[in-house]
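The chain below stands alone and is given in C-alpha cells; this is the form predicted alone.
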C-alpha cells in the first residue's frame, strides 16, 4: 500500500515532501536565475553535497522575475520542505514569501544575497564589501599618478543588496581619491538585472559623454564587464583600458589571458555552496550551526558566515582558479 501511495505522490510531484524526515530532510533551493554560469555551478555543488548528507533538494529558478520567485517559494512551502535556501532576485521583494515561511515554521537561509526586513535564520555569503575593495584597490594601484585619472563605474543590479555592498567597498578605496581630486568619475550607472547588454549600454554612454580617454572601468561583475569590453572593442580600446570584474567566469578568465580584462574577484563557489548545503542539512535536523558574524537586515541581526575572496589577474590565474579546479588551463586559451 505504501509503495502505491509513494508512486502516486511521485507522479503528483509531492514524494519528496511526503517522506521528509530528520534523517532525510528535504531542502527547497530557490534561485534567482540559472542563466549565468556561476549559478549553475552553485546549484550543482549544493545539490551534490546535500545528497551526500542524505538530503533531497528541490530546485526552482525564477529567471530574474520577482513575482515568479515568490510563487516558487510559496510552492516549496506548500510542499512541506524542511528548510528554504533562497538566492533572491530582489532582497526586499522576497520579504512577503519569507513571512509565509515563518508562519509555516520553515527555517530560511539567505544564500549569497541578503533578504531584508524579515526574520531569516542565517545569511551565507562572501564578504561583499571586501569584493568591492579588491576591485577598487586593483584599479587605484594602477591609475596614472602624474595627472587626474579618468574613471567609469558600472555598478550591479539596483535590486541586489550585494551590488550596494560592492559599491560600498569600491567607495572605501576610490572615495578618498575622488574627494582629493586625483580621480574623476566620467560616468556611472547601475546595470539592471546584471545583464551584459546593460553593461555595454553604460559603457557606450560613457564614451559618447566623455570621449575615448578613459583609464579604467570599475565593473562589479564579469557579465557586465563582458558587455563593457564589447563596447571598448568596437572603439578599438579593449586592452588599453583597465577593466575589473567578479566571479571568475570562464569568459572573463579567457579575457584576462587575452589582456582585454585586467582582473576578476575569485570567490571559491565550491566552498560557499558546500557550506550552505551543510548548514541547510544541519538546520533541517534541528541544530544551530555556529555563525562567525552577524548582519543587520532591518529586523534582526542575522547569524552570518562569510567566505574569503581572492583578487585574480594574469599573474595568479593558474595558481588560483586553475589550481582549485575551477577552470582547466586548456580552456583558458
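Since we're looking at a predicted model, the values are computed, not measured. Positions refer to the first chain, counted from 1.
Below, we turn to the form predicted together with a small molecule, even though it does not appear here.
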Using a 4.5 angstroms cut-off on non-hydrogen atoms, would residue 113 count as touching the small molecule in the model of the complex? yes
Residue-level question: is residue 36 within 4.5 Å of the small molecule in the model of the complex, judged on heavy atoms? yes
Residue 194 within 4.5 Å of the small molecule in the model of the complex, heavy atoms: yes
Within 4.5 Å, heavy atoms only: does residue 162 come near the small molecule in the model of the complex? yes
Pick from 206-214, 105-113, 68-76, 184-192: which stretch has non-hydrogen atoms within 4.5 Å of the small molecule in the model of the complex? 105-113
The one residue among 121, 82, 247, 133 placing a heavy atom within 4.5 Å of the small molecule in the model of the complex is 247
